[in-house]
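Single chain ahead, by itself, as C-alpha cells, in the form predicted alone.
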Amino acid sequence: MIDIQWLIGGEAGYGIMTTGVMMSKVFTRLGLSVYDYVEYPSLIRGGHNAYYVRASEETIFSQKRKVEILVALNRETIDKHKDELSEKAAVVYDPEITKVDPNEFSKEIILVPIPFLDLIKQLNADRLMINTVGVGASLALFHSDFEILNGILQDAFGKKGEKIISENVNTSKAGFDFVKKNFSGKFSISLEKKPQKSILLSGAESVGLGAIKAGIKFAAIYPMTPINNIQSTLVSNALKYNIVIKEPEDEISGINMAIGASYGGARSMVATSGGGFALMVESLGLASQTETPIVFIEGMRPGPATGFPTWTEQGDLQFVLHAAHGDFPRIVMAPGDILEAFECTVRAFNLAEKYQLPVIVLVDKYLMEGHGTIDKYQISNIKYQIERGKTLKDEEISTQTDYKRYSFTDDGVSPRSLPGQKGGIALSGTDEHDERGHYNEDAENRVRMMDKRFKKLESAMSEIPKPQLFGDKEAPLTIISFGSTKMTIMQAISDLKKQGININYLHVIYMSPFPSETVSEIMKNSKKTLVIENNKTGQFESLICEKTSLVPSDHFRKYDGRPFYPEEIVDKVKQLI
C-alpha cells in the first residue's frame, strides 16, 4: 500500500503555498486520497514556510510525521525537517543554494541535487520560479508522465496569458526532465494514474460553498487568518449567485452591516477570527435581543491578543459560548472535517432563521487552510431545503389585525415580519421589551421574555443530530473530542487498528445546546475516557464536566500552535491501555 508525504520548504515569497496546492492536485488527479497542511509565520516576506502533502491509496484523514520527499529551497529547510525524513526518503535541492553534506544523512536517504538556478537561467525565467522546478522534479521521482502536471498548470494560469503559462510549464518540465535523465528509478515509490474519484477542497472553500448552497445573500468579512479563503470563494461566485460581499473598515461595522441585512430579510453572515469576534460581541447581544438571525464563522487561532496569528489552536470555545454580557441563547457548532464544514454551514442558516438567533460555526486554522479529498458526489448529493421558519409572507401578515413581533409562543419563536410588509410594523430595540417591542421593565415580563428566548434551544434540540460514536462500543478506551481534532483522531484510530488495537471515538459537533444525555450515556458505559483538544486549559473537558457532572479519566492537550499528529495520539493511547 502506497502512502507518501511530500514537503516543500523555503522562504516566504517563493510560492510555497501555490506549489503545495499544485502537488495536492497532482496526487488527487492520480486517484489518491490526499490531505495537506501548511505552516508559515506572520510575515509578509521572509521566515520559513513549509507545505506538507500526504497521499495514499487508502482513505486518509490527516498529515503524518514522516516525509518521503523533501524539496528544500534553502538550507533552513534541511535543518528544520531532516529529522522528519523516512528511511528511504528523497531530498531534492540545488547544491548552489543549499549546501548539503551527504554524511549528515543515513545511507538509505536519496540525495537529488538539481541545478534549479541554472535551469531557470537557461529558460530566462525569474529566480522565484525555482519552486515550479521543484514540483516537476518531484513528479518525475514517482510518476512517468508530465502531462498530469501540464494540465494542472494550464488550469491554474490559464487566465494569466500564454507567457505565464509557458514559463510555468517550461520550468517545471525542466525539473521533470532533469530527474528522468539523471535519477530515474532511484526512488522506491512509483505511482500509476488511477481514475479520479474525489475533488480537492480546503475547509474555507467548503464553508464558502456551504453558504452559497444555503442561499446566502450578504456577507461582511474583514480579512483575517484563517478565514480569508471563505471570502475569496464567495467573491468568485458572487455574480453567479447574486451575493453582496462587503469588506468593511473594521469588524464592528461588519457585524452591524450583517445584522442590518438580516433584519431586512437577507440570509447574512460574517466570518472572522477570535480577535475580530472580540470586537463583535456587543452586536452579538444585539442580534439576540432583537431576535435577528445571523451566522458567524469564527476561525480559532492562538491568542491572547494577536498571539500566534498564523497557527492553529482551539482556545475560543468558552469565549464563544459566553461572549457578550447577559444570558441569551445561541447555537454553537464545531465541524470536524471538510465535509462537515460544508454541512454545518448549510445547516447554520436554517437554524438561524428558524429559531431567530445567532448561530456560530466554530472552526480553526488547521481545518480552514488544509485541503483534503472528498467524494465529489458527497456534496452534490446533500439534500437541503431552505427553511425560513416563521418569516411571514405578505399574504400571511396582511390578514393579521394585531401583529406582535415578540409574541409568546410554545416554541419560543415569534412570527417575524420584514421591513416594508403591510401590517408588519414593529419595534426592535435593544432594551428589554414586551410582545410589541415596546420598552418594558416589568419583572414578570422580563422573566417571560427570557424564558421565551431560551425555549428556542429546547425546541432546536429536537432537530439537532446526536454525537456520532465511531468504533466498537465495547472498546477499552473512548476518545471524546470536538472540531478539527476529528481528522487526526480518525487517522490514529485507523493506524491503531492495523496494530490490532481497537478504540472508539465520540465526536461532538454541537457545543450549544450541548448533547448532555448522549455524552453522559457514552461516558458511563466506557471503561476509560480520553478528552483530546488543542488548548491549554481543557475548555472542552470543562464543558463536559459542566453539562454532565462527569469527569473524564484522562486528557491530552496540545497548545504549541501545531495540530496533533496521529502518531502522538497513537502513543498516548498505548500508554493508557
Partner chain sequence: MTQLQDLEITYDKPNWCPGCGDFGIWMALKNAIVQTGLNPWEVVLVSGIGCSSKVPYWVKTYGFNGLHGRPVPVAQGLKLANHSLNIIAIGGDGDQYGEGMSHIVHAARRNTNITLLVHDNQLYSLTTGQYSPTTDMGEKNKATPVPTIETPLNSLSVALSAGATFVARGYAGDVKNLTELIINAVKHKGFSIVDIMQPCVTFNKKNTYAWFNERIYRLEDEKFDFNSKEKAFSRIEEWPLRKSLKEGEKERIPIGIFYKEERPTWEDGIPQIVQAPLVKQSLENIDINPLLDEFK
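None of the values given here were measured: they were computed from a predicted structure. Positions refer to the first chain, counted from 1.
Keep in mind the form predicted together with the partner chain is missing from the figure; the text below concerns it.
Enquirer: Just one of 467 to 475, 418 to 426, 133 to 141, 86 to 94 has residues with a heavy atom within 4.5 Å of the partner chain in the model of the complex, so point it out.
Expert: Heavy-atom contact with the partner occurs in 418 to 426.
Enquirer: Have a look at Q196, S188, N150, Q122 for me and say which one sits with a heavy atom within 4.5 Å of the partner chain in the model of the complex.
Expert: Checking each option against the partner chain in the model of the complex, the one that comes within 4.5 Å is Q196.
Enquirer: Which residue, E162, D101, D250, D126, is the contact with the partner chain in the model of the complex, using a 4.5 Å heavy atom cutoff?
Expert: Result of the distance check: D250.
Enquirer: I'd like to know if G437 sits close to the partner chain in the model of the complex, meaning any non-hydrogen atom pair within 4.5 angstroms.
Expert: Although the partner chain is absent here, G437 would touch it in the model of the complex, with heavy atoms inside 4.5 Å.
Enquirer: Does the partner chain come within 4.5 Å of any heavy atom of N237 in the model of the complex?
Expert: N237: contacts the partner chain in the model of the complex.
Enquirer: Mark F277 yes when one of its heavy atoms lies within 4.5 Å of a heavy atom of the partner chain in the model of the complex, and no otherwise.
Expert: Output for F277 is no: heavy atoms all beyond 4.5 Å of the partner chain.
Enquirer: In the model of the complex, is there a heavy atom of the partner chain that lies within 4.5 Å of any heavy atom of D337, even though the partner is absent here?
Expert: No, D337 is distant from the partner.
Enquirer: Let me test this: is every residue among N504, K547 and D554 within 4.5 Å of the partner chain in the model of the complex, going by heavy atom positions?
Expert: The answer is no: none of the three residues contacts the partner (heavy atom, 4.5 Å cut-off).
Enquirer: Heavy atom within 4.5 Å of the partner chain in the model of the complex: which residues of 247 to 267 meet that condition, in order?
Expert: If the 4.5 Å heavy-atom criterion is applied to the partner chain in the model of the complex, 247 to 267 yields E247, P248, E249, D250, I252, S253, N256, M257, I259, G260, A261, Y263, G264, G265, A266, R267.
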